[in-house]
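Presented as structure tokens, the chain that follows is alone, the form predicted on its own.
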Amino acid sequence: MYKDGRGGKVHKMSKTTAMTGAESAAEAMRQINPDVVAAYPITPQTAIAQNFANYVANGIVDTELVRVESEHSAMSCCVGASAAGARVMTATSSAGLALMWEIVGVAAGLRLPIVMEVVNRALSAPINIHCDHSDSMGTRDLGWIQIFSENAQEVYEHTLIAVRLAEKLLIPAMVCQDGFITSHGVENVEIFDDEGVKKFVGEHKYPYGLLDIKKPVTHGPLQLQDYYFETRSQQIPVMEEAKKEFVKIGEELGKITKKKYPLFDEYEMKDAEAVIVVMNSTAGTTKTAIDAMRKEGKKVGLLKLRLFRPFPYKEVSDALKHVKKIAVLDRSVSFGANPPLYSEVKNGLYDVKYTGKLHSCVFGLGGRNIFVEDIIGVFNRLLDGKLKDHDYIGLREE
């Protein structure tokens, strides 16, 4: 038995309990028991740091919790602690991630295996505290592994995978969940046995710690035209390796959870004539729409990405190349360019000479709700050939 962050008794054996996505992230962090956590509060991430701080205050973990003055300082602290050899985690959202931007790139460039919980929230202006993916998409090319989570259960399990993945490849990783929708929505989450999770995560053995005086190293040296290009190029094949390692580590976690962790999930795809591609919580809404439409005899399906960086181009395009009609749903935009997820899917399908019809649909910016009826509407227009090449779901026209 141990005390949870709220002072209650919780069994050490696997259990199912009602919790939010923020709580499930904090619960994974409790089991991981990182050496250092540095974080700064920002809605809707604050609940993760707050719940984990309770674990620290109650002596349930022996983590050094550093309360910094900004998110820039939070990631700076994480970089220093990780370079010293510590297992390090943090969490943020929206403008907090934007304020970290400089040091987010530093963490990747230094190949530090920091794991960050990102609660997706719109970037300002206008000021908005609700969900879209503009924050994590803004950092998609900085060299971090990016894992997206449909629900609180996936947040918990993806966090466990992220730690192993980051430390195996020496690449930082972020685990994304939808702000408020997942982070503050309560659902049943199965938490697995402490000892089994501890064994799965293992001990952190960073090979280049600054505090190891027997093996002196330098972190962050000045590199101009002489070696910068070579150093950066070394990140490329290692990031590609993350796809195989994600699957391998997922198979190992599956021995505990009895689940599978593919690069993406396929739902009713075998005979689908129309497919939606989407990430995070909207995948659940899409499944409900598919179930309803299948009862009417309509052959529709879903491809839900888990791993967005590195992007599994070949695997996704192989799964989609035989589908006649595809709609890619993005909860963010790239001003002056194609939306991020649509752009990547289109790139992959180009390589396999896709001959079907591909559509881009932007939805849910600033947390605007998307309902089952909206998804059904997209599917029906997709099937009828009436969906625009570039469409917007739920956008007021007045």
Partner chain sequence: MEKGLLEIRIHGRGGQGAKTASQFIAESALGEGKHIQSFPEYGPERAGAPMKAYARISDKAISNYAPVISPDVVMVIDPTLMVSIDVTEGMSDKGILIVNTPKSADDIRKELKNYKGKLYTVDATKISIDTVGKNLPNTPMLGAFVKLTNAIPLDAVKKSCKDKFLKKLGEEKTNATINGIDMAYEAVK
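Quantities reported herein were computed from a predicted structural model and do not represent experimental measurements. Positions refer to the first chain, counted from 1.
The same protein also exists as the form predicted in complex with the partner chain; that form is not shown, yet it is the one meant from here on.
**Prompt:** Looking at the partner-bound form in the predicted bound form, is His184 within 4.5 Å of the partner chain by any heavy atom?
**Reply:** Yes.
**Message:** I'd like to know whether Thr288 contacts the partner chain in the predicted bound form, with contact meaning heavy atoms within 4.5 angstroms.
**Reply:** The answer is yes: Thr288 has a heavy atom within 4.5 Å of the partner chain.
**Message:** Can you work out whether Asn369 and the partner chain are in contact in the predicted bound form, taking contact to mean some heavy atom pair no more than 4.5 Å apart?
**Reply:** Looking in the predicted bound form, residue contacts with the partner chain include Asn369, since a heavy atom lies within 4.5 Å.
**Asked** So in the predicted bound form, does Pro262 come within 4.5 Å of the partner chain, heavy atom to heavy atom?
**Response** Pro262 lies outside the contact set for the partner chain.
**Request:** Can you check 220 to 228, 175 to 183, 304 to 312, 72 to 80 and let me know which stretch has heavy atoms within 4.5 Å of the partner chain in the predicted bound form?
**Result:** Only one stretch qualifies here: 175 to 183.
**Request:** Check each of Lys325, Arg87, His130, Arg164 and return the one that places a heavy atom within 4.5 angstroms of the partner chain in the predicted bound form.
**Result:** Of Lys325, Arg87, His130, Arg164, the residue with a heavy atom within 4.5 Å of the partner chain in the predicted bound form is His130.
**Request:** Only one of Gly209, Gly105, Gly138, Gly284 comes within 4.5 Å of the partner chain in the predicted bound form by heavy atoms, so just point that one out.
**Result:** Answer to the contact question: Gly284.
**Request:** Within 4.5 Å of the partner chain in the predicted bound form, which residues of 188 to 224 have a heavy atom? Give them in sequence order, or say none.
**Result:** Only a single residue, Asn188, comes within 4.5 Å of the partner.
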